[in-house]
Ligand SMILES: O=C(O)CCC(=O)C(=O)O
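Single chain ahead, written as structure tokens, the form predicted alone.
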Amino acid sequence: MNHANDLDMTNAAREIQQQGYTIIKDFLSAGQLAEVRGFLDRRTTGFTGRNNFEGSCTERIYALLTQGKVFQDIVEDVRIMALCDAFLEPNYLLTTSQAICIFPGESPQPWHCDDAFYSIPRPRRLALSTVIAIDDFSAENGGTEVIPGSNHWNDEQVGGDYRDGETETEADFAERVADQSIAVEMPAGACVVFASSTLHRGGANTSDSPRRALSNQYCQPWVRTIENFFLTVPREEVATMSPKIQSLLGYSVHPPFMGQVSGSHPAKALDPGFVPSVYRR
């Protein structure tokens, strides 16, 4: 696991607060990058998107942290945990863990924010997102695009994003923000971290090579997660993971008692033979 530099993370947190995102260079070690690339080279799901948001030329692998210890180490990297500590309440959760491969020919995603499905008014602080480059990110191969400062926009300023086709079409919105957006160009192994309210999108891949990335996202302990890890990760497997990962998956209690299991701490459910008290006879 990499070590956090307090000063670097303080500066990174300041950048996220001010402009909505920051970049951590050399985020992955050479060994981690090689291991992740090896996994992605071997693994293909054939699962491409069903709409222009998921992408008809984009492949995703969900619940990625179940695919090896390296992915769990990346999820609980101390630098990311430090940023989550700065922006989220204690007992924050992992809301999604996935690999995303944008193939040549993919069109740009609609502009969006990762917390769009929560009804709390903007600006808000509900989640933190990471996109980790497994291949070099460029403006040509579908590198992530962001709108700096959009994390401060209220609902009226966002108004015309992809959720609201009545007031402004997606194309009109894209044209409106064209001079405000930037392509995040960074080398393989780097990581962009952004507030969930920052408007961003996967760019068009006009190159002749895929653009691979990992995306782990974290949310406040009291909101519903994107992925239901209780159903996708067997308890027997969770029991082998670190206490931090267990907490991120929801085996924790947010005071006073959110997440309890029959009045007990959910970590007890990881014990062999655990039976909730309500089922005991």
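Since the model is a prediction, treat every value here as computed from it, not as a measurement. Numbers for residues come from their place in the sequence shown, where the first is 1.
Beyond what is shown, the protein has a form predicted together with the ligand; the following relates to that form.
Using a 4.5 Å cutoff between non-hydrogen atoms, Thr144 counts as a contact of the ligand in the predicted complex. The ligand is not shown here, but in the predicted complex it comes within 4.5 Å of a heavy atom of Phe53.
Although the partner is absent here, Asn205 sits far enough away that none of its heavy atoms falls within 4.5 Å of the ligand in the predicted complex.
Interface residue remark: Cys84 is not counted as part of the site for the ligand in the predicted complex, having no heavy atom within 4.5 Å. Of the residues given (Val193, Ile102, Ala127, Ala133), Ile102 alone sits with a heavy atom within 4.5 Å of the ligand in the predicted complex. Stretch-level contact analysis of 71-79, 175-183, 111-119, 85-93 against the ligand in the predicted complex, using heavy atoms and a 4.5 Å limit, identifies 111-119. Residues from 191-205 that approach the ligand in the predicted complex with a non-hydrogen atom closer than or equal to 4.5 Å are His200, Arg201, Gly202, in the order they occur in the chain.
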